[in-house]
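Below: one protein chain in two forms, given as structure tokens, structure 1 then structure 2.
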Structure 1
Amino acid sequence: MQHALRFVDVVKTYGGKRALDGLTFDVPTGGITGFVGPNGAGKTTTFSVVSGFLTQDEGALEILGLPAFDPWKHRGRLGVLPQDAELSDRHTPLELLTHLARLQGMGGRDAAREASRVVDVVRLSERGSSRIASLSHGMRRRVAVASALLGSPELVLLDEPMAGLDPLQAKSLREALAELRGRQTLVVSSHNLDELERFCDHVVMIDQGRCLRQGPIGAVTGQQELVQWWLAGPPPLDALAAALPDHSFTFADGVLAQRAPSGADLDAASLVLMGALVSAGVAVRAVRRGKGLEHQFLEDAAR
């Protein structure tokens, strides 16, 4: 299966407002896909349609090769962290997760073992037997993430998994999820684009219920075409153009933008460029490949 998830012209309307307005995108199998968009872009609606919580008005979707969500066919294959869904707080994480694992079809002992495993994955083992009511917001969020990982589903949708987590918790969760790369397909929505850029292999950008752009993160942010150099002084533009004639250079606000032709060897070019800068006595303060996800998103959203 090439695509774990596919949306084709999906429309969902709430009271006359189109939350999804002909949304079309694919999520490739394997890897981690960032699902990016501002508030109200339709991210949570998209996840809810995939999960069967909402039914689309128009369009088609394909989830793990099957049309539309069916709990009997998808349970255990699709894991979802719903946004803002409260946990039954009178139970312990282990009790709740065991119950959910049993609903996925596991026997009692297997379910208990699986609950312990996912609690461990989200680094919450020491609080697995505490009442959920006694856990902090961040810990509850991790329990909810653990529920999405029960049974190692092929496709996992995480709606704002880092929301409300402190930096340490977010880092810990990010690392835990990164370990799943290659084994499961993860789709992660977040407002934190820098975080997604470091974490994801693929990105889908949406706004106002439509897909703005999608593709491998390097391609979307132009990592093969653009290098930005933060310099201490003006660069020798003529020397750079002579040294790298296929590349184009612009300099503004202390930033040198180097645009490379398709298929250029950027590593080799960087050595040439740095040599020219050193010869001109210009110090390099920072370097970044591509525009950055946030920059690209803002550019696309403004169109």
Structure 2
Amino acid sequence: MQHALRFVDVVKTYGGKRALDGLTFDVPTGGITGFVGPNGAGKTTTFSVVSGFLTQDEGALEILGLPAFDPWKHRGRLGVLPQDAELSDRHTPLELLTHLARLQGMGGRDAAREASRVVDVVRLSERGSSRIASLSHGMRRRVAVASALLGSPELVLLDEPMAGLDPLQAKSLREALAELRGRQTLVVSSHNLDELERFCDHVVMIDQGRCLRQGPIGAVTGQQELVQWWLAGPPPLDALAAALPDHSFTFADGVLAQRAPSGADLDAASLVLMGALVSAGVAVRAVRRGKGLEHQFLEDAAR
């Protein structure tokens, strides 16, 4: 199965307003896809249609090879974390997750083992037996993420999984989710585009219920064709053009933009460019490939 999730011209209307307006996109199987858009773009509606809380008015979707959500056929195959998931604070994470695993049909011992496994996945084993009421917001969020991972569903939708986590917790959870790559398909919605760029393979950008852009992170951000060099002074543009005649260069506000032809070896080109800068006595302060996910999204949304 090439795609875990596919939308084709999907429309969903609320009171005459189209929350989804011909939305079309694909989510590749086995990777981590970032789902990006401003508030009101249709992200929550999309997740609700996938998980069966809403039915589209027009268009078609495919979930794990099946048309639309079916509670029996997709049982155990789809995990969902809503943005504002609330947890019962009277129980411990292990008690709650064991109960949820049993609701999925697991026996008592299997449910307890699965609860322990997902608590370990989200790096919360040391607090698995603490009352949820005693946990910080970030820890509660990790318990909620664990609930979506119960049973190792093939497709997992995570709405703002890192919301409220401090930098150390967010890094730990990113690493935990990255370890699932190739075993499960994750779709992660977040407003933190730098965070998504760190660990996602693929991205879908939407606005006003339509897909603005989709594809591998590197292709969307131009990492194979654009290199930005922050310099301490003006570069020798004539020397750069002579050394790399197939590349184009512009310099503004202290940033040298290098655009490469398709298929160029940017690693080899960087050595040539660095040599020219060193010969001219121009110091390099920073280098970045591509525009960055946030920059690309802002450009697309402004059109």
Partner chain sequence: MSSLRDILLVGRFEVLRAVRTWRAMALFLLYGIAYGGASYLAVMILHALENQVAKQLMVATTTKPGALLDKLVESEMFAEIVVAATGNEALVEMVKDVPPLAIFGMWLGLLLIPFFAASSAAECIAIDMGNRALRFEALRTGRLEILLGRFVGQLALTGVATFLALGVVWSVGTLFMVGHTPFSLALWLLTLTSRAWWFSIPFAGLGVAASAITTSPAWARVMAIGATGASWIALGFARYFEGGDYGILADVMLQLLPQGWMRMLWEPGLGWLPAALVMVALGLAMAGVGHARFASRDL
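Quick note, the numbers are simply positions in structure 1, starting from 1. Note that the rigid core is defined as the largest set of C-alphas that superpose within 1.5 Å between two forms. Keep in mind the model is a prediction, meaning the values are calculated, not measured.
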query	finding
Selected structure - the one that is the form predicted alone	2
C-alpha of residue 151 off by 2 Å or more between structure 1 and structure 2 on rigid core	no
Residue 198 C-alpha moves between structure 1 and structure 2 by 2 Å or more, core aligned	no
C-alpha of residue 74 off by 2 Å or more between structure 1 and structure 2 on rigid core	no
Core superposition result - C-alpha of residue 129, shift between structure 1 and structure 2, Å	3.3
